[in-house]
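Read the single chain below, which is given as structure tokens and is the form predicted on its own.
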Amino acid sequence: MVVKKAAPIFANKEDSNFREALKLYDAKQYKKALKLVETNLKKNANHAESLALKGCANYQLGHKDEAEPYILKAVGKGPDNYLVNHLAGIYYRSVENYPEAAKWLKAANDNGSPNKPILRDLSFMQTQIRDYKNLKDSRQQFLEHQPGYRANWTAVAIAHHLNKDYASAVSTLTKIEGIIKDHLTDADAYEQSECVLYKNSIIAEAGDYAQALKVLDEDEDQIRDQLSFLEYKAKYLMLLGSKKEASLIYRTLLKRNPDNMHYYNLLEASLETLDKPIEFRLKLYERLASFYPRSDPPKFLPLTFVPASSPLFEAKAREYIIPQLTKGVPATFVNVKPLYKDQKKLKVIESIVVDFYNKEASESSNPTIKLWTTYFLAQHYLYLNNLTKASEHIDAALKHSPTLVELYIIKARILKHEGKILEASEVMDQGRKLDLQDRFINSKTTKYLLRANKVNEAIDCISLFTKLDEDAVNGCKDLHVMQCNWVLVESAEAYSRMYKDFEVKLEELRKAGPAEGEEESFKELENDLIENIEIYKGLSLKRFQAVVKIFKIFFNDQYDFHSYCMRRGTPRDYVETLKWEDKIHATPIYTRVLKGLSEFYFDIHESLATKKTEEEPVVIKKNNKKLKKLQAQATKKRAELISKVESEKEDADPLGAKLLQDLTNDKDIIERLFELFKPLIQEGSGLILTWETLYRIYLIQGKYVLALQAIKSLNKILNPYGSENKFKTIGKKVVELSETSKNDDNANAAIVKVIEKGLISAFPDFENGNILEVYTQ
């Protein structure tokens, strides 16, 4: 790359002031720096360096709205000035606009900046925006500047790895190992071990398992993580067909951790017993159970492959279940639940437990045996959705031991399945009060209270385990600080249900109309309902947006690891972190938030499309005394509510009213929704929610070709194995897309034809005109 000659700077009379201001800025004395550059700008309003530094200083002093105009003006005046470029990069990094930051830091380097650490900062930006192609060059240039630090070599290797240039990555790691091998100390042992294992994982990822095994054996004495060493070696031996040697290693791994079920499966694969007769496999597990008598997997796994029709299954199931019921293991049902996917095994297990309940348990002198068997059966019938029998068993258990917390959890769960969510929350709360120090039951109670729309009670409940400020009414602020997403999402959904309930009540009230002589009370009630709708709608939106902000923090937090993991020598964990971050928006909790927000956005868009005017509180004429009293009561009530729902100290919009208003006034609300869902095109391509929502967005925006692609993607998810299932939702969308595109006067005629041909090609039944009759699943 040809580097431009550095643009001449510090050539004017203002240079002395600017140099001093730059030193003050680096020392974080922003006010003094700002004062000096303002002096410069009074004399020379076009001094680009001073303009850029003024923008950065304004941002650091909190004048964020005033900062960017100065940055833009500076880069306009001196686009080839590396110092201006660098300051612009610093500013955009501060505002977390990483693409722009990368652009200007690269410009600073290209324009001949002698400040080589810019390359390090540039590499951080490029990793953040996943610009791996240019990352390789930045890391390599910085390595050439500072070859004496191992972290820089590791960083170059990672850049090659992320570009799938495995040979270069391995070569880089091997080269630095050769350079430092005679200079390693005990303090370097962990980093050396991690880098050796990282190099080995890259060789394996390239598909050269023989070489990976060879290098692994050569580096054995340098590896401190023996667990990873053994797992890697066993994996390579399996892939290379040396199953006997692999089986010996899996036996060693079982000695280290006999409760790891995965090791047992891999041991069987290495011994090639998966296709052997059941009796042969059972002998293997009986022998393993004798070696590890306190481990659960060798007792449970035979139940997964022995068929229910075999007498051996009943015998083994009895051997597994009855001792646990006798000992009073609360997790007995959870342990056998995976077997319930096979209905025949479910029936055998039911007969075993019912028989034990009617005979041994009832006749036993130990009453707890019957109690835990009853507890098992309550969960069993709940799984079968036989709520009557489930209730009978859990009530019997509660009558026997009314102080056992686990029983209240199952009782509440049964009530929830019966649709009695309010009663379920009360029962769960009864159980919580039996053990106020149990965080699990506290969290379960909070969840049930939120599902029952008792938001204030739920927050008070979870607040028992949060840190409270001196003036805090509850732990709401702390829940935001701790990023307790599940509580925030459940709260948002509860508020959403509450405002929808109030909307139904308002509609019913208006439909009924005021009774004769009750006009004033009618208007008061109408006003209260409208106010509650606005409050809970705003709170729901605010809680959803709080989780969006938290996930933005999660994504931005990876920035610190681009340097930290290099210094600490943890390249394997670093690469795994990047992979996790690449899927962060497809996590279940975040997709729940997107689903809730999409309902908000679509509802607002539809209300604007139908020109529904915003509900305005009705003005009620009253005498001054009565009016003042009502206003005082309303103000007091509002202040109490704000104190309970504030998400941060001195929250400027505690009820989300401004957030809701801004969203309602946003003319590009559908485009805002698309920006939220855009990451899911890559990260959540296998989610139904992604394509259902994007289809609706594209349809509203008139992007019919993209809407067609969304339908095709949705159909692939619903038919993952190439099956020809014909789902009603697909049929409706096909017809809707066809009719909408045809009726759109603004649509290009050629596009409409493309849509018709595309629909016929993808869904042949559409051409016959009976797609809605065929697509009925």
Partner chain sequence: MGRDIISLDDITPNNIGVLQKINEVSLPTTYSEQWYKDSLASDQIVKLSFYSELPVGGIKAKSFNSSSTTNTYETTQQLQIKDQIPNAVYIESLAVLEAYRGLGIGSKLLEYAIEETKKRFVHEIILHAHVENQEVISWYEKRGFMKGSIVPEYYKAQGLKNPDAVVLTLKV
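Every value quoted in this text rests on a predicted model; they were computed, and no experiment measured them. Positions refer to the first chain, counted from 1.
In what follows, reference is made to the form predicted in complex with the partner chain, a form of this protein that is not presented.
Between the partner chain and the residues Ser290, Asn665, Thr610, Ser365, the one pair within 4.5 Å by heavy atoms in the model of the complex involves Ser365. Shown without its partner, this chain lists Pro307, Pro117, Gly686, Pro402 as candidates; in the model of the complex, only Pro402 has a non-hydrogen atom within 4.5 angstroms of the partner chain. This chain is displayed without the partner chain, yet in the model of the complex the stretch 366-374 from 203-211, 366-374, 448-456, 631-639 comes within 4.5 Å of it by heavy atoms. Mapping the unseen interface onto this chain, Thr185 falls outside it, with no heavy atom inside 4.5 Å of the partner chain in the model of the complex. Looking at Asp435, you'd find a heavy atom of it within 4.5 angstroms of the partner chain in the model of the complex.
Although the partner is absent here, Tyr408 is a contact residue: one of its heavy atoms lies within 4.5 angstroms of the partner chain in the model of the complex.
At a distance threshold of 4.5 angstroms between non-hydrogen atoms, Gln430 is in contact with the partner chain in the model of the complex.
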